[in-house]
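Consider the single chain below, provided in C-alpha cells and representing the form predicted on its own.
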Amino acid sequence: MFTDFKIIEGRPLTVQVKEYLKQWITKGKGRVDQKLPSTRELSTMLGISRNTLVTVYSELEEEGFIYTVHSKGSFVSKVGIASVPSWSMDWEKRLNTTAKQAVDYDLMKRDLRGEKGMINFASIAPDEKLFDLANVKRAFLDRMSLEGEILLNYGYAKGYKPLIQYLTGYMEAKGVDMEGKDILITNGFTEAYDIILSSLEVPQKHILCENPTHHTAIKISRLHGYEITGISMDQDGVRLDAFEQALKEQEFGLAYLTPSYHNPTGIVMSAEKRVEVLRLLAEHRIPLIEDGFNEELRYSGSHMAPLAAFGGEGNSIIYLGSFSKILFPGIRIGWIAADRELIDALVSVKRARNIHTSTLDQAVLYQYFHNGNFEKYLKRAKSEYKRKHELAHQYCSEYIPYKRLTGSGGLHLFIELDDVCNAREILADCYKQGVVYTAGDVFFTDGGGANTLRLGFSRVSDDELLQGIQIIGRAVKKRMEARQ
C-alpha cells in the first residue's frame, strides 16, 4: 500500500501527499471506513516528515475525505462516489459536420510535425531567444502594483480600456481614420476572423481572396459554410485582370486580403494595386476584411499604409491586427478595428462566447508598450530577422532549383518548384533526414500548389538554415532527375 507514491522536486510536499491520498480515496483504493495508517507509520512508509502528514490529515478531514475517531485513528469517509452501471458512447458517430471538417483541416493532426532535434522550417512563430523577458517582467510588476486586484477579476468583453486607447493611436499612426470606428480586443487573429464570419449576414456566402492564402482563414471560412474564390498573384499582389473578372462573373459577400507580407507568399501589394482593388470592391459594394499579418516586419523600402488607411472616412473595411508574429504569441492578443456600430455588435458576440480576453495579459502588454519597450524590441528583432531573411534567400538561390521565390519581409519565404516536383513527396524525403517544412498546397483555395512550399526561418540557427536548405535542395534535384 502506498508504494507508488513518487516525490516531484520543486512542488510543495504537502500538496503532493494530499493529492495522492485524495486520488487513493476517490478511485476506491481505500474502502469507506477503512482505517488509515497513523501519521507516524505513514511518514516512515513514504519517507517524509510526520509533521507533513499531520498537516495533510488535518486538511483532508476539513475537506471531508477522512474522519477521526478519538483514540482510534483516522478513517476513510464516504466521499459521494457510488458504483453505478457504466456505458460507453461512440462519440465519433455524434460529431457534426463542423467538427468533422475541423478535424480534416487540422494541420497539427494531418501534416508531418517537427520533432525535437529536427530542423523545423514549418514554424513562422517569432524566435523566443529574442523575447524581451526583463522588460516583460517589469511591465507585469508595474501593472500589478497599480491595479492588481482589478486585473485578476472579470474584465470587459470589449477589452482593457488603456490598451484600446493605445491601439487606436497605433492605427492612426498607420494612417487609418478612426473617426466613427472602434476596437475590440480578441484572442488573436483566429477568434477575430471567426467572430466576424459568425456575426455577418451577407447576400452571398462567397469570399474573394488571394490564392494562395492563410490556411486558417480558409479553414474558418469553410467551417462557416463560405465558398472561396482565390485570385492568383503577381510579384506586387493580386492579378488585377483576374480580380476584376471574378467580380464580373460571381457575386461575393466578402473579400479577405493580406496586402503586406502576405501569408504564405510574403508578397507586398503595391500602392497602385491597393487603390485599384479598393476601387473595384467599392464599385461592387463588397466589404473587405484586411489581415494586418506581419505588417511591422518590413526590412527595406518605404512604409506601406494598410488598405484601411486608403479607405479614408468609409467604414467598409474591417481591419484585423495581431502582435503574434512580432511579439509574444503566447499572450494571444489581437484586435478588430472597424465601424463603431459593428464593433458594438461584435462585443456582444464576444461576451456570449468567452466573456473577455484575459485582462491580465492585455494589461501587461499595454504596460510594456507604455514603458516604451516595444519600439526598442522591434528594432532589435527586425535587425535579426532581416539578417536571417537575407541569409535564407541567399541559400535558397544557391541550393534549391526553383521557378519562383517570394518574400519581401516577414518570417518566411515561399518557393514554387518545377511543375514536375511534388512538395509533399520531397517533404517525405527531407523528413527522413531531419528536416520539416510546410507543403504549400494547404494554402491554395482551388486544390493547386502541389509544387510549392513555405519555409519559415525565424527559429532556426544559421547552421541549421544552411544544412536544412541544402537537404531540401538535394531532395528537389533528386526528384527532378527521377522525373526526367
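Being a predicted model, the structure only gives us computed values, none of them experimental. All residue numbers are counted from 1 along the displayed sequence. Between two forms, the rigid core is defined as the largest C-alpha subset superposing within 1.5 Å.
Heads up, the form predicted together with a further copy of the same chain isn't pictured, but that's what we're talking about next.
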query	finding
Single option in Arg351, Lys161, Lys403, Arg380 placed near a further copy of the same chain in the predicted complex, where near means a heavy atom within 4.5 Å	Arg351
Position in contact with a further copy of the same chain when the complex is considered in the predicted complex, options Leu247, Ile228, Leu240, Ala102, heavy atoms within 4.5 Å	Ala102
Gly117 within 4.5 Å of a further copy of the same chain in the predicted complex, heavy atoms	no
Contact test in the predicted complex: Lys325 vs a further copy of the same chain, heavy atoms, 4.5 Å	yes
Heavy atom of Phe65 within 4.5 Å of a further copy of the same chain in the predicted complex	yes
is_contact(Thr213, a further copy of the same chain) in the predicted complex, heavy atom dist at most 4.5 Å	no
Triplet Arg222, Asp234 and Arg454 all within 4.5 Å of a further copy of the same chain in the predicted complex via a heavy atom	no
Residue stretch of 196-204, 259-267, 68-76, 393-401 approaching a further copy of the same chain in the predicted complex, non-hydrogen atom distance within 4.5 Å	196-204
Stretch 141-175: residues contacting a further copy of the same chain in the predicted complex, 4.5 Å heavy atom cut-off	Leu141, Met144, Ser145, Gly148, Glu149, Leu151, Leu152, Asn153, Tyr154, Tyr166, Gly169, Glu172, Ala173, Lys174, Gly175
Core-aligned C-alpha movement of Asn422 between the shown form and the other one, 2 Å or more	no
